[in-house]
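Starting off, we have a lone chain in the form predicted alone, written out as structure tokens.
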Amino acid sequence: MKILVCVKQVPESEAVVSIDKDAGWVDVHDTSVFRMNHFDECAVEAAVQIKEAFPGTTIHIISVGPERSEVVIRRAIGMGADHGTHMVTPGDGFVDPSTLAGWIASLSEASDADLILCGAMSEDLMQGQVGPLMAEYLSLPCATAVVQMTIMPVGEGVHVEREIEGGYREAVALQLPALLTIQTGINQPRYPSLSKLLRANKLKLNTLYVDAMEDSAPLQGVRRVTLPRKLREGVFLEGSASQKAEQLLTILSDRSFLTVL
């Protein structure tokens, strides 16, 4: 079985950011605070577990992003993947999901894969569009927000459970090849082993540059990026525990959240 896993590098949620008005996008000041998208980590772990259950399975990792994004590919290889492709973008600006999905779908690794795994969404944009769009471009059956999956013994299909509204789950059976987007909580991603990380750091990645690729007309664009407005100031309570409790009761009482007898 051949598995393709798409991974993305995202900034830590605590990273200090500002808006680059010239580029019209977010500027992350500390380049050391980037990591693999957690949804994608779960997708890599799911692929590695399949590889362990089905000997002969190979896992190919692909990431689209600037030069530094190759770090997440090597981390995925350290977790147990076999090969990697890095599609290098000029910078960090917004890429239309349909364009991104088209780039990945055009690769032979995508068209030859028996199973394609993506994270349910990225932690920075949280759109969840790339996976389903790839499935559309490749004419593959697709299940999103997968929280449980079982490959059928002879590998001709996959049974999955996916999260739906209201806290319910939907059970779906798909024929392979197929594309799944993986929800967090499906597993606990492993920490890369030292020996596999050393191998990953020496492995030559397949590198492509998106500047040389044909682009379709984008379906989305960014008009403006702004930081959230601060609507109110926080209040820090000082003093001993009893003094803080008294201050809190006064605040809640003044705002009619409770009545102090």
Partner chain sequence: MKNMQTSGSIVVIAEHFEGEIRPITYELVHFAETLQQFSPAPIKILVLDERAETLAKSLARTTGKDVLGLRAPQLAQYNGQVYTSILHEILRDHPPLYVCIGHSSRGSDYAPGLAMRLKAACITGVSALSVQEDMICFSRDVYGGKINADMVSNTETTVLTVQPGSYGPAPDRDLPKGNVCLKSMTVSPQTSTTLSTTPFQTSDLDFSAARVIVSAGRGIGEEENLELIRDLASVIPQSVVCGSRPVIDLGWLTYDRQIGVTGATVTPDLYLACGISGAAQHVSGMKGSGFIVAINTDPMAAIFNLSDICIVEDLKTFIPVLLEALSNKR
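The model shown is predicted, which means the values in this text are computed figures rather than measured ones. Positions refer to the first chain, counted from 1. Each form is matched to the other, and the largest set of C-alpha atoms that superpose within 1.5 Å is called the rigid core.
Keep in mind that the form predicted together with the partner chain is not shown, yet the notes after this line are about it.
Visitor: Of Ala173, Val88, Val71, Leu107, which one comes within 4.5 Å of the partner chain in the predicted bound form, counting heavy atoms only?
Guide: After the contact test, the surviving option is Ala173.
Visitor: Residue-level question: is Leu231 within 4.5 Å of the partner chain in the predicted bound form, judged on heavy atoms?
Guide: Flag for Leu231 set to yes.
Visitor: Can you check whether Ser195 is within 4.5 Å of the partner chain in the predicted bound form, heavy atom basis?
Guide: Result no; Ser195 lies far from the partner chain in the predicted bound form.
Visitor: Does Thr184 reach the partner chain in the predicted bound form if we count a contact as any heavy atom within 4.5 Å?
Guide: Contact with the partner chain, yes.
Visitor: Would you please decide whether Leu205 lies within 4.5 angstroms of the partner chain in the predicted bound form, comparing each non-hydrogen atom pair?
Guide: No, Leu205 stays farther than 4.5 Å from the partner chain in the predicted bound form.
Visitor: Within 4.5 Å of the partner chain in the predicted bound form, which residues of 109-139 have a heavy atom? Give them in sequence order, or say none.
Guide: The stretch 109-139, when checked against the partner chain in the predicted bound form, contributes Met121, Glu123, Asp124, Leu125, Met126, Gln127, Gly128, Gln129, Pro132, Leu133, Glu136, Tyr137 at the 4.5 Å heavy-atom cut-off.
Visitor: So that I can tell if Glu12 moves, could you say whether its C-alpha shifts by at least 2 Å between the shown form and the other one after the core superposition?
Guide: Comparing forms between the shown form and the other one, the Glu12 CA shifts below 2 Å.
Visitor: Indicate whether Ala53 shows a C-alpha shift of 2 Å or more between the shown form and the other one, with the rigid core used for the fit.
Guide: Not so; Ala53 is displaced by less than 2 Å.
Visitor: Establish whether a shift of 2 Å or more occurs at the C-alpha of Lys202 between the shown form and the other one, with the two forms superposed on the rigid core.
Guide: False for Lys202: its C-alpha shift is below 2 Å.
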